[in-house]
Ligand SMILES: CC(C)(COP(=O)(O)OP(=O)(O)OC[C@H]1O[C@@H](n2cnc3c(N)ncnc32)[C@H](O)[C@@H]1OP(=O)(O)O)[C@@H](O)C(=O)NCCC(=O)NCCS
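As structure tokens, one chain now follows by itself in the form predicted on its own.
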């Protein structure tokens, strides 16, 4: 079995925003995530808003040396129902396919369920983003359904999968490992 490379989560800081904004303007990465590239100004504004929103938690993903390589976020946190949406981006291509995303997702799920007391985390992923789908399945997410959406700059029809994980399922996985 392949050893996962360790990812470390730390609070996102304003000094990280220029690097993240560069990733947000990358058309290949935007396509993988089902979006469109956005400007540096739009990206900075989005992240600054999230940093000050009690219904969002955004963390930087750094490698063992502290180098910023991506970000992971919980948004749409519904405190009463205990739900939140997860999104992750490994922006630095040199760090993809190394297990870092899986490690970061597991760490963020621990935060969601243990520290924040959430009951369910869900996500939306383009079904053709096989690397992401594999990662989410390894982390315990289950497919709940699919929809077809027009996405990207050319309004291409793509299949989007909704996946969820419950706190109880995550805790059972933790107990087994």
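Numbering follows the first chain given and starts at 1. The shown structure was predicted, so the numbers you read here are calculated from the model rather than taken from an experiment.
Here the subject shifts to the form predicted together with the named molecule, a form of this protein not shown in this document.
- With the partner omitted here, the stretch from 121-129, 141-149, 107-115, 40-48 that lies within 4.5 Å of the named molecule by heavy atoms in the model of the complex is 121-129.
- Under a 4.5 angstroms non-hydrogen atom cutoff, the named molecule in the model of the complex has residue 88 among its neighbouring residues.
- Mapping the unseen interface onto this chain, residue 32 counts among the residues with a heavy atom inside 4.5 Å of the named molecule in the model of the complex.
- The named molecule is not drawn, but in the model of the complex it has no heavy atom within 4.5 Å of residue 73.
- Taking non-hydrogen atoms only, residue 62 never approaches the named molecule to within 4.5 angstroms in the model of the complex.
- Taking the named molecule as it sits in the model of the complex, the stretch 93-110 comes within 4.5 angstroms of it through a non-hydrogen atom at 95, 96, 97, 98, 99, 100, 101, 102.
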